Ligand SMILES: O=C(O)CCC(=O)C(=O)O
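The form predicted on its own is given below as one chain in structure tokens.
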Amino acid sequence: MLRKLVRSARNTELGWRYGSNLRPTIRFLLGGKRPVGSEVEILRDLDKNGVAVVPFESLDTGVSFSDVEKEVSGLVEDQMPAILNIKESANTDHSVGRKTFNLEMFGSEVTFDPNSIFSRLALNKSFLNIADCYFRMQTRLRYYNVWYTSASVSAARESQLWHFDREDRFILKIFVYLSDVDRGAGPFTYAPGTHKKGSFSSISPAFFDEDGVRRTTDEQMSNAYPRENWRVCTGKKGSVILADTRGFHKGGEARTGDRLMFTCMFTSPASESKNLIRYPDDATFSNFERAQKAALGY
């Protein structure tokens, strides 16, 4: 009974913030962080809608998009055998739980390299500031990777169906399109306002059980939330989508073209989310700023 009460308290805003995440909340409040430039409007959109879309160059990343493209080009070349395999399995292997239409190009867990352009992108000033200001606490970077999503003709499954993430009260995922993404390339799609801060956080569309996970079809979602209000995040390469995936969303249902993108995820330090970043024993963080070390848990 006591354990149940404790868990129930953690699920409240006060319990989650001032019980489970008191120290990172205080450190944020004492740190005096404020959004700057485009971050102000991004945070306004995130608070209200749970999703924001901006061009890469509007952010203070300290990373050149052309340098990211150059690194990704080499990565694609190195991973071509795996890409060809995923393009075949997308149509032939419909196993649930394996996302056979999607390739995580660094594997399911990333080995952290402090000199990699991808770790620097995940830990850039704007991403960290937006994450901390949205949560109003020092957040934790849990994951980053480059995804290659193959077009397929198989029925929508797994993350291609509507769902929401459950590991934390807020979950900020950031997607940087590395190829042009139209409606046929599996754009990230969101139901604005269905996150915890939103006006439609209480919607409860019908769902079905897919191997222990609640999934909702387009038809079921449209019965609970108007289709015309869905935010379909198409965009040219260099588009950046920021979303609180505690709200209803889907993505990766590519039909006519493949999708290539970078992604990273921030949660509260007390989140039940797995940390999908491995740190080598000889990893050094002496050149990292205080906020970056906090995001890595150091």
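Keep in mind that what you see is a predicted model, and the values were worked out from it rather than measured. The first residue of the sequence shown is number 1, and the count goes up from there.
This protein has a second form, the form predicted in complex with the named molecule, left out of what is shown; the following refers to that one.
For the candidate spot formed by 33, 50 and 134, no residue has a non-hydrogen atom within 4.5 angstroms of the named molecule in the predicted bound form. Residues of just one listed stretch (71-79, 201-209, 158-166, 219-227) have heavy atoms within 4.5 Å of the named molecule in the predicted bound form: 158-166. Contact check for residue 235: every heavy atom lies farther than 4.5 Å from the named molecule in the predicted bound form. Although the partner is absent here, residue 243 lies well away from the named molecule in the predicted bound form, with no heavy atom inside 4.5 Å.
Although the partner is absent here, residue 147 lies within 4.5 Å of the named molecule in the predicted bound form, judged by heavy atoms. Contact check for residue 140: every heavy atom lies farther than 4.5 Å from the named molecule in the predicted bound form.
In the predicted bound form, the named molecule lies within 4.5 angstroms of at least one heavy atom of each of the following residues of 249-264: 249, 250, 251, 252, 259, 261, in sequence order.
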